[in-house]
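There is one chain below, alone, in structure tokens, taken in the form predicted alone.
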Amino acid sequence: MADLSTTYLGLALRNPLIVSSCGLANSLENIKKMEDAGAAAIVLKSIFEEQIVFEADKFIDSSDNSLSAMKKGLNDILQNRSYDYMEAMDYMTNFAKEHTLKEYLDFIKQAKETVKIPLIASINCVSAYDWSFFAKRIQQAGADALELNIFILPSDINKTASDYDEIYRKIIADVKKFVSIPVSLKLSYYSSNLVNSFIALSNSGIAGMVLFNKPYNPDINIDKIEISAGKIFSSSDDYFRTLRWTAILSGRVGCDLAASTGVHNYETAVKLLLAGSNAIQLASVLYEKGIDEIKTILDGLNKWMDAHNFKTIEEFRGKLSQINIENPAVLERVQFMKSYAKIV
């Protein structure tokens, strides 16, 4: 029996399989099932920036008892101190954000009491918002690490590539000021200079990067002639982009790498480990085949390692990364080879 243990974000893991942030990880019962099936860690369902802002605004505009109490407390402060309007609004906004976060923080605390494996909290970011406010409280709730799922579509014609890079740097800097737990970035492949941008981010104090987040993609309903939602779940062929960039970045970045999107079987997990991933994130296959599929993938990984006489993950991890293969250019090929010209 091979030793599947590894490390990711400085966390000791019993194997490389991590459940990525998804709706399945929003239930204590499911989290326990994931641990029992063999998951090495779980990324809890994301709390979304838009959700926080919307609910905080809604909370401030409401007239429930808790808000009334907050307003009374605020009025008392204003009557006894020389706070200006902006300070008063900051007080009110922070109170509202705290109220919005409470349910998520309570879930982290309950989850920590339910399982023994590491739990990674997740924030879904779309801008350089005040992430220090949330990150600090997530750490206090007991999360073992924090994953910032940053997806900023570079579609603004008034912004340069440097402008987008600056947003990422600001988010990281703001969060790192207030937390000591490991921070990872789940990133998009939309980048004009992916290698240099990602290498720079990897040396900014983060502990890991996840390649890649699966974006919401629009589709078109030709019957109703309107924009509709695209396919939600990944397919077993969606790992190719992750494999290429993992192999190119492995050994060049200053942090760990986790591969995500398209992991539906042990074969893909093996390929991504050979490319240089420290850990593998999966979710769609658990919706399609059930949480126990974690056990199936681990069994397959074990058997493959035994068949190839690998005793540990480190014996083959990164064996086929770009810096370790004889022909590095093979990972940069983007045109079909001549031998395929007649069939594609």
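Computed from a predicted structure; not experimentally measured. We number the residues from 1 along the sequence you see.
One more form of this protein should be noted, the form predicted together with a small molecule, which is absent from this view; the next part is about it.
**Student:** Among 284-292, 300-308, 315-323, 31-39, which stretch sits within 4.5 Å of the small molecule in the model of the complex, heavy atoms only?
**Tutor:** Looking at the other structure, the answer is 284-292.
**Student:** The small molecule isn't shown here, but in the model of the complex which of S250, N265, S202, N213 has a heavy atom within 4.5 Å of it?
**Tutor:** Here the answer is residue option N213.
**Student:** I'd like to check something about T246: if you look in the model of the complex, is any of its heavy atoms closer than or equal to 4.5 Å to a heavy atom of the small molecule?
**Tutor:** Answer no; every heavy atom of T246 is more than 4.5 Å from the small molecule in the model of the complex.
**Student:** Whether I220 contacts the small molecule in the model of the complex should be assessed with a 4.5 Å heavy atom distance threshold; does it?
**Tutor:** No.
**Student:** Report whether the minimum heavy atom distance between I227 and the small molecule in the model of the complex is within 4.5 Å.
**Tutor:** Although the small molecule is absent here, I227 would stay clear of it in the model of the complex, with no heavy atoms inside 4.5 Å.
**Student:** Given that the small molecule is not shown alongside this chain, does G10 nevertheless sit within 4.5 Å of it in the model of the complex, heavy atom to heavy atom?
**Tutor:** No, G10 sits far enough from the small molecule in the model of the complex that none of its heavy atoms falls within 4.5 Å.
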